[in-house]
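Take a look at this single chain, the form predicted alone, given in structure tokens.
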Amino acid sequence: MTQLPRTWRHAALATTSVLALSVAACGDNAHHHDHDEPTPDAPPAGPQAVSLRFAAAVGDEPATCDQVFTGFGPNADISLQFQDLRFYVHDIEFIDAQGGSEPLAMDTVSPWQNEGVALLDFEDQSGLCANGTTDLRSIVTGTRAAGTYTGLRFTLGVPFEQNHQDASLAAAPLNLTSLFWNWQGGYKFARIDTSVEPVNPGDPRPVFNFHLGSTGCDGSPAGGVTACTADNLAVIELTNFDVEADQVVIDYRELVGAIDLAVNGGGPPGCMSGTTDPECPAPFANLGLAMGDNSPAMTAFVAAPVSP
């Protein structure tokens, strides 16, 4: 498990301190002490309420809209600001030591969670994030079966069955048209946009937009979509993950690697999930998504402890 530096961990805790972790047996009374109370080492009986915490970072700093981040690009001379930072997750599972898994039964929490899909939102409309919303969201809540779990697995994106609909009629969190392409392409599973600081004052600001979503989808507006040649649903698995002590962190520096964010090598600026887009192979690989015959290792998400 990758552990981020203590300075970041403390800062991340500050941003999420209001989101108190609660993993406890349903109906358990913390003030009730008698001989029937489970021993400290025994998992509580019955379904457990879970708050799974997420965070967004740039290396050892929390990712925010109102800050300039430095050291990007092949020569580490590119600085940038975020313009958007949101993504969907579903199919969350907790993994035990034997490799078995138990799903998280996700709560319905409007406008963030519905029908097994959750939106994580790390932009607050400040700085250059003008197209976003003021509200933030960094937890997914639900219940899981009692047990002892050592790992976590989830899918980045929207399930196929919910991906090709009319966003203007969909229930939250799938009602945000800013996170939607069209009926055929479906939703932007992740929208992480950045603006590069110009070398000289007054020069244009190059943008690097990372929009992850399905491509090569068939169908028609009348008949709907039946398949996509690339669903681009990234399955993220983290070992040695303790939901009571850890949080899931997406690290933008790991996501883009050493890409020259100031130069568009072809197609729209950044990566729009196109198979021929020269800016896509690196972030796809860092999410563990294959483009071609490769089998890349996921590095963009890590498990990081939260200080008590």
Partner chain sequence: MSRLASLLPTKPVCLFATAAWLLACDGPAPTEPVNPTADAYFDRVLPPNFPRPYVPESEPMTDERIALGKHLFYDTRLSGNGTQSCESCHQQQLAFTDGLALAIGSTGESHFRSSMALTNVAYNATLTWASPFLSELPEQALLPMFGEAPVELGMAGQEAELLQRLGDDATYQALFAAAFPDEAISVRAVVLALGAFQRTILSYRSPYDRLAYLGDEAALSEGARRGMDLFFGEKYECFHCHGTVNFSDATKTANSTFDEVLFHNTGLYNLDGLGAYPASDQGLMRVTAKPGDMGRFRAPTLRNVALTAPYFHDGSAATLDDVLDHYIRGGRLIEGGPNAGDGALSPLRSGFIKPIDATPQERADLLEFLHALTDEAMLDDPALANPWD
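The term rigid core refers to the most C-alpha atoms you can superpose between the two forms while keeping them within 1.5 Å. Positions refer to the first chain, counted from 1. Keep in mind the model is a prediction, meaning the values are calculated, not measured.
The following text describes the form predicted in complex with the partner chain, which does not appear among the structures shown.
The three marked residues, 61, 126 and 172, fail to reach the partner chain in the predicted complex, with no heavy atom of any inside 4.5 Å. Residues within 4.5 angstroms of the partner chain in the predicted complex, judged by any non-hydrogen atom, belong to 221 to 229 and to none of the other stretches in 221 to 229, 200 to 208, 141 to 149, 154 to 162.
The partner chain is not shown here, and in the predicted complex it never comes within 4.5 Å of any heavy atom of residue 233.
Within 4.5 Å of some heavy atom of the partner chain in the predicted complex lies at least one heavy atom of residue 183. Proximity of residue 100 to the partner chain in the predicted complex: non-hydrogen atoms within 4.5 Å are absent; the residue sits far from the partner. The partner chain in the predicted complex comes within 4.5 Å of no heavy atom belonging to residue 104.
The contact with the partner chain in the predicted complex, taken as any heavy atom within 4.5 Å, belongs to 272 out of 65, 261, 282, 272. Interface residue among 176, 196, 95, 119, judged by heavy atoms within 4.5 Å of the partner chain in the predicted complex: 176. Residues from 147 to 172 that approach the partner chain in the predicted complex with a non-hydrogen atom closer than or equal to 4.5 Å are 165, 166, 167, 168, 169, in the order they occur in the chain. Fitting the two forms on the rigid core leaves the C-alpha of residue 221 displaced by at least 2 angstroms between the shown form and the other one.
Note on residue 185 and residue 277: their C-alpha atoms are more widely spaced in the predicted complex, a change of at least 3 Å from this conformation. Annotation for the pair residue 259/residue 185: C-alpha atoms recede from each other in the predicted complex, by 3 Å or more compared with this form.
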